[in-house]
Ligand SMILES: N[C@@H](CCC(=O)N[C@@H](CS)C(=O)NCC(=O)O)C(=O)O
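Before any questions on binding or motion, here is one chain by itself as structure tokens, the form predicted alone.
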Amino acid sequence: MQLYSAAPSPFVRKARVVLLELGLSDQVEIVEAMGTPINSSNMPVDQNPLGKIPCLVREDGPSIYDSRVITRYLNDKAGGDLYPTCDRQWETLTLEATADGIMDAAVLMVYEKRVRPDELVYMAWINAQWEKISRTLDAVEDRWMDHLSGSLDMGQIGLGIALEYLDFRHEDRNWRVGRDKLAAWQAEFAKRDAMQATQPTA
């Protein structure tokens, strides 16, 4: 299999962390692909017509894409338990979607400055994305700590990656302020071997 990848992408990192956690890394070749929403010339458009990564090229079927599809596929392939089948599954899926929403908003903030000409950058848009992130982190601090203290699942992986992406791209906004429980959880989660091995780079 081949995984189209870019080191800065939090969505790619989800797939790479899952590969490590499930012991599948030796079955997947990492193929570098970089692009932006307005330049997909170096993206896997033949495998994913949307021109987005991650994209997983399989030997036993068509390529699959969207990080949640890929991680679910890898979990099933390995017989893993990152997506529990008990009542906890709905919490796991919701927390993963929450983490992806944080990543979406954080990436949009980056693109607003990176892709638009300086005179067209809309700060109200950037600040609105951060408000979404901030509101969501408050909700996680208030409602999700019991889940985060449970056994490893895809919701935890997604959130751990989302928080480190905030450090990577938006360190100046300091998401930890007023969220001591979440900050303590993240500091411990970041010690996992799979997280250490997939640190984002510019």
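Note that the coordinates shown come from a computational prediction; the quantities given were computed from them, not determined experimentally. The first residue of the sequence shown is number 1, and the count goes up from there.
One more form of this protein should be noted, the form predicted together with this ligand, which is absent from this view; the next part is about it.
This chain lacks the partner; the member of 137, 57, 166, 43 within 4.5 angstroms of this ligand in the predicted complex by a non-hydrogen atom is 43. In the predicted complex, this ligand lies within 4.5 Å of some heavy atom of residue 107.
Shown alone here, residue 51 lies within 4.5 Å of this ligand in the predicted complex, counting heavy atoms only.
In the predicted complex, this ligand stays beyond 4.5 Å of every heavy atom belonging to residue 61. Using a 4.5 Å cutoff between non-hydrogen atoms, residue 37 counts as a contact of this ligand in the predicted complex. Remark: of stretches 187 to 195, 5 to 13, 174 to 182, 18 to 26, the one touching this ligand in the predicted complex is 5 to 13 (heavy atom within 4.5 Å).
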